[in-house]
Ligand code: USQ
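In structure tokens, the next block holds one chain alone, the form predicted alone.
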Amino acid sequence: MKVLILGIDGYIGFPLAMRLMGEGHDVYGADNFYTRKRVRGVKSGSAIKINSMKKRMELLNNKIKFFYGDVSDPKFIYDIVKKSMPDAIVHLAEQRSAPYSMISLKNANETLVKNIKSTMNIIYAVKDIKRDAHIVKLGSMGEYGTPNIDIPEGFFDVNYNGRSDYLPFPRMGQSWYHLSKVDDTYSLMLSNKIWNLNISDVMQGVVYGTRTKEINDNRIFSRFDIDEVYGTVLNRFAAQSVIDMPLTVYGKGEQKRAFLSLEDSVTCLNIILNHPPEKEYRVYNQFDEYYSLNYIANKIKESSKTMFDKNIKIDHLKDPRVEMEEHYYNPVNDNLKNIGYRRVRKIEDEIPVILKDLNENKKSIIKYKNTIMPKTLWR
């Protein structure tokens, strides 16, 4: 199988590339290193040292066919699809941070325009050049928001005024980033309806972890962001614990989010690639479990005590975001299980690995520690 990974330099993109190469697939990749540039723009960087793309490719004997460019440029997308003629395209190339999208009007416009354009470019390139290609688009569980009912996988049965239908579940994104993902979802849905494109729309939860099997085998690490803009909640808590800072929980800490490990994220995407839809639009809620912020903070506190005999404090800050701090949350995730996915890594097993790796990179965390505390206010 020929797979084109857009955003191959990213946290998930490069581990996925190594997985696919190990299974004998032809891997093509595209990136313009915007994440590296944006993270530097908020005066931060990866807490774990990462190689340049050139060095990464050299370490893998230059088996990846790499294209440098911006996926929001239609000419670039058309050119690389013509050159690679892929069986599948994995779209990981969007601006990936909700806080980044909320910093200013400039950031909001950049997020909306770049993300929406990139998905539309891919849709039209596939329609015009390689209509049987399988588009695997990384969306977000955050598209759904926090409704007071169970969250299905994309669609649900509706009964209203004596009539019934099977409709897309309402999307209620709570940032401009999430709204860009919502637009992607409806654009992909429409492209399937009018052109029968093969679409897998992946609503992914928060990904955590520093290692996959291929990272261990090749000793090529992926990035690990800890700042308040690009670092996930688990990343920030883990970094704080390593340098003896209190774990800063936003608000009451009963906000619930869906999570899965980096190893399992790569496995899920690989399984989806091996089960392409036939002129269908499919939705996968890609996560293992869901946890509250308080649960995550306490697990990191417990591991810090066990591993380093630290008594880490947990502080509750005024929530800089506009979100419900206590809410019902019960998403469904059957579709991946139905095609063979089974979890490999549990969060309780993964946290000690993360803490060990971060402890070995403590100097980097100290260097970027001033970027961890929230400065981006959504109100």
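Model, not experiment: these values are computed from the prediction. All residue numbers are counted from 1 along the displayed sequence.
Heads up, the form predicted in complex with the ligand isn't pictured, but that's what we're talking about next.
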Just checking whether Gln255 would be counted as a contact of the ligand in the predicted complex - the rule being heavy atoms within 4.5 angstroms. yes
is_contact(Met141, the ligand) in the predicted complex, heavy atom dist at most 4.5 Å: yes
Under a 4.5 Å heavy atom criterion, is Ser303 part of the interface with the ligand in the predicted complex? no
Quick check on Arg236: any heavy atom within 4.5 Å of the ligand in the predicted complex? yes
Given 83-91, 161-169, 272-280, 247-255, the stretch touching the ligand in the predicted complex at heavy atoms within 4.5 Å is 247-255
Between the options Ile123, Ile151, Ile199, Ala98, which residue brings a heavy atom to within 4.5 Å of the ligand in the predicted complex? Ala98
Checking Val182, Cys268, Val206, Val136 against the ligand in the predicted complex, the residue with a non-hydrogen atom inside 4.5 angstroms turns out to be Val206
Does any residue in 163-184 get within 4.5 Å of the ligand in the predicted complex, counting heavy atoms only, and if so which ones? Tyr177, His178
